[in-house]
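Next up: a single chain in structure tokens, the form predicted on its own.
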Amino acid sequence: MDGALTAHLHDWLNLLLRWAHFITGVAWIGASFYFNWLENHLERQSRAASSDSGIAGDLWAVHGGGFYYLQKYEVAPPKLPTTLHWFKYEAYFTFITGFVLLCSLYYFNASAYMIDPRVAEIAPGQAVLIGLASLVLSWFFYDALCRSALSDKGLLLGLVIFVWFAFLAYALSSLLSGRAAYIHVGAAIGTIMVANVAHVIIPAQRDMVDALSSGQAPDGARGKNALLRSRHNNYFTLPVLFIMISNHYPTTYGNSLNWLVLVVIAIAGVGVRHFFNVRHLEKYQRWVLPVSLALLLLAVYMTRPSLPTVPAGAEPVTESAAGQEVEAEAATPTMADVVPIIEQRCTGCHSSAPTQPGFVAPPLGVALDTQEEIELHGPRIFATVVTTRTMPLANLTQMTAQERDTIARWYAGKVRNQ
């Protein structure tokens, strides 16, 4: 099959997988948010929720031009209803499409997407094994925590879980490319979320249904354990959603402290989710939302670019690819100095007609075929080539430190002369 056609079909496969992953994820997270909202807003002091009714609470709502009345039982109704709706396939298909996408984009292109020679010199197979191990270990560690004595200590349990993911972010960012480290932290959280559904929540609900069907009293403890896991899934959602879109923003995963940036943003996401979970209470921590937004501003500050300060006529010293100090040219580089570097190192992908195998169009629509296009995308070039060094991808074209310095001084001169 023609290489261009293969790349075209692979692009469409990734697009359709992303779309399916997004659709099923929206359905899953939407259901999670809705049922957690119901749980948080039940009228527990109402007449229906009296001690002898077996009702834990009820709720009136209006939506789509109609009124709805809902009740939640403390454990289960006296009799199993004829029709009972389950919510599980959204979670399963979100995980399936996400894992297939992970394989298609990262594992089948591990040398490009998972390895950063500046971070660790590892083989593609090793990178894939590290990624898979992070998913499996995260689930077993989390599940063991939830089955331990910590299960009755909600805040402490949540803190230990968060410390694990902070450690995972640090460890993966020390072994894999920043982009792969981020996506595997997200995949590990997603694995825990779907495993919660498959191994805890649904089995608990199935046991309760089976008990009702056989005329026995359901085990309420299993229902409470399922609710705990559902709560955890609810708090996991915003960090996971951030990670899903972070691959488009190298200023985050390409930062030298990328793991810490992720930790700060994750804390902010959990804080925002907590605020919306408890804001219906008469007394709630009003400071949670502003603190969370302040943490997001901290992440913005942490990832700020820093321009090289090169006075006109100076002779800055830069590091060559061989690790030796060499003198850079005294004059500020011009477009004529930058164009050959871009042509040799960048336009294999970033061209209206890419020559790099696997690409049929320039990534993100950024073509660098002309001086005008290079000028237009100067800030992006500086950010990805100099500040985060996430481009060229996995440095497949072997851009040297001296060439990055030339681009840095060219862009600094542009800014200085504006």
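For clarity, every value in this text was computed on a predicted model and none was experimentally measured. Position 1 is the first residue in the sequence shown; the rest follow in order.
There is another form of this protein, the form predicted together with heme C (HEC), and it is not shown here; the text below is about that form.
Novice: Specify the contacting stretch among 56 to 64, 35 to 43, 22 to 30, 354 to 362, defined as having any heavy atom within 4.5 Å of heme C (HEC) in the predicted complex.
Specialist: Contact-bearing stretch, as computed: 354 to 362.
Novice: Is there a non-hydrogen atom of residue 247 within 4.5 angstroms of a non-hydrogen atom of heme C (HEC) in the predicted complex?
Specialist: Judged by the heavy-atom cut-off of 4.5 Å, residue 247 is in contact with heme C (HEC) in the predicted complex.
Novice: Would residue 402 count as a contact of heme C (HEC) in the predicted complex, using a 4.5 angstroms cut-off between non-hydrogen atoms?
Specialist: No, no contact at 4.5 Å.
Novice: Does residue 232 reach heme C (HEC) in the predicted complex, with heavy atoms at most 4.5 Å apart?
Specialist: No, residue 232 stays farther than 4.5 Å from heme C (HEC) in the predicted complex.
Novice: Is residue 387 near heme C (HEC)? Define near as a heavy atom within 4.5 Å, in the predicted complex.
Specialist: Flag for residue 387 set to no.
Novice: Taking a heavy atom within 4.5 Å as contact, would all three of 141, 158 and 267 count as contacting heme C (HEC) in the predicted complex?
Specialist: Heavy-atom distance to heme C (HEC) in the predicted complex: none of the three under 4.5 Å.
Novice: In the predicted complex, which of the listed residues (242, 95, 165, 113) lies with a heavy atom within 4.5 Å of heme C (HEC)?
Specialist: Contact check passes for 113.
Novice: Pick out the residues of 182 to 207 whose heavy atoms come within 4.5 Å of heme C (HEC) in the predicted complex.
Specialist: If the 4.5 Å heavy-atom criterion is applied to heme C (HEC) in the predicted complex, 182 to 207 yields nothing.
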